[in-house]
Structures are given as C-alpha cells and as structure tokens.
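Consider the single chain below, provided in structure tokens and representing the form predicted on its own.
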Amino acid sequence: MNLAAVTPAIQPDQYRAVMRHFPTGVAAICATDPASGRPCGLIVGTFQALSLNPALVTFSIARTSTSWPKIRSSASFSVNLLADGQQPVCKALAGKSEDKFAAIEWNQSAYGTPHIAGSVGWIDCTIQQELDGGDHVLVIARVLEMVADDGDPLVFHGGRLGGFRESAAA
C-alpha cells in the first residue's frame, strides 16, 4: 500500500500545534563570517547528539536562513548551549539585525568561533554533511572540542522561553 497516496497532507498550523507540546533546548550556532570578519549566528531548537564515535551532532536550519550561508562558509562554527536567563541572547540571534552580536558578550575560541558568555556549554564543530530535510537542511557536524559549564538550560516549550524546573517528588 502506498501510504503517501492515502495519507492526507499535514497542514502547517496542525504541525505547529502538535509539536509545540514537545520541549526543546535552545542552541546558538555561531561563526566568524569570513567575508566581514564579524561574528554571525542563529538559533536552533533542533540540536541533538548523534554519535559518540566519531563524535557527531546534528541540527536543522531553515532553507530561508540568511545567516546559515555565512556560517557554512567559515572553517568551523560553535554551538552555544544557552542558559536559563539568556532569553535576550536568543532573541537577538533569532532576529534580523545586521549586527546581532552588538549587545552579546562573547569570547573567541581557539578555532576562531564565538563562545557566548554564560552559556552552559560550547561545542566547536566542522560540517561533515548536509542532507535534504524538506524546507530545512539537516546538518551533521563533527565535534572538534566541547566544554560544559554549570547552570540550567534555556528551554523552548509551548511558544515560550524559560528554564527547566524539576517537579516535586510524589
């Protein structure tokens, strides 16, 4: 049976309404734009571990992104795992400003990538592969180096940004 022929198309509003019930972490993908020498970045809620050996991570980027081509053209990029309280960083990097880093404190890593101050972790990567993901590109990246810091992650759930709070034991 050809399921594609008998399955109705899922409408974007229905897709969003269902998927908003699944919480995700918030990661900032950042690099130094080789053309301008300035930091550039974007936000993803699709970041995940993929493989231990070799160390690989994955995330997806909308094909309409204007920041991804700048990041893709750099030799390496960083994944900054944003912390609870970094909502302003998230909003700045999700915006369309020409200088998204104007109010963001960051340091340059040994790989030349921006590490955002206060993040709960940093992962420096290179692109290993890009795959077709419909209206997104699925990126598989090789981990070069990674460091964790203390703190709670920034979480996106139900259209809101916030922290993760453990519920009381029953």
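Keep in mind it's a predicted model, so treat the numbers as computed, not measured. Numbering starts at 1 and follows the sequence shown.
Just so you know, the form predicted together with a small molecule exists too; it's not on screen, but the next bit is about it.
Among the candidate residues Leu56, Val120, Ile104, Ile61, which is the single one with a non-hydrogen atom no more than 4.5 Å from the small molecule in the predicted complex? Contact residue from the list: Ile61.
Identify which of Gln48, Gln108, Thr126, Thr66 has a heavy atom within 4.5 Å of the small molecule in the predicted complex; exactly one of them does.
The residue in contact is Thr66.
Practice task
Would you check whether the small molecule, in the predicted complex, lies within 4.5 angstroms of a non-hydrogen atom from each of Cys90, Ala94 and Lys100?
Solution key: Verified in the predicted complex; spot residues all in contact, yes.
Taking the small molecule as it sits in the predicted complex, is Ala31 near enough to touch it, meaning that at least one heavy atom pair lies within 4.5 angstroms? So Ala31 does not count as contacting the small molecule.
- Task: Answer for His115 alone: is it within 4.5 Å of the small molecule in the predicted complex, judged on heavy atom distances?
- Result: It does not: once the small molecule is placed as it appears in the predicted complex, His115 has no heavy atom within 4.5 Å of it.
Exercise. So in the predicted complex, does Val44 come within 4.5 Å of the small molecule, heavy atom to heavy atom?
Worked result: Answer yes; at least one heavy atom of Val44 falls within 4.5 Å of the small molecule in the predicted complex.
Would Arg142 count as touching the small molecule in the predicted complex under a 4.5 Å heavy atom rule?
Flag for Arg142 set to no.
Among 31-39, 66-74, 126-134, 48-56, which stretch has residues whose heavy atoms lie within 4.5 Å of the small molecule in the predicted complex? Going by heavy atoms within 4.5 Å, the stretch is 66-74.
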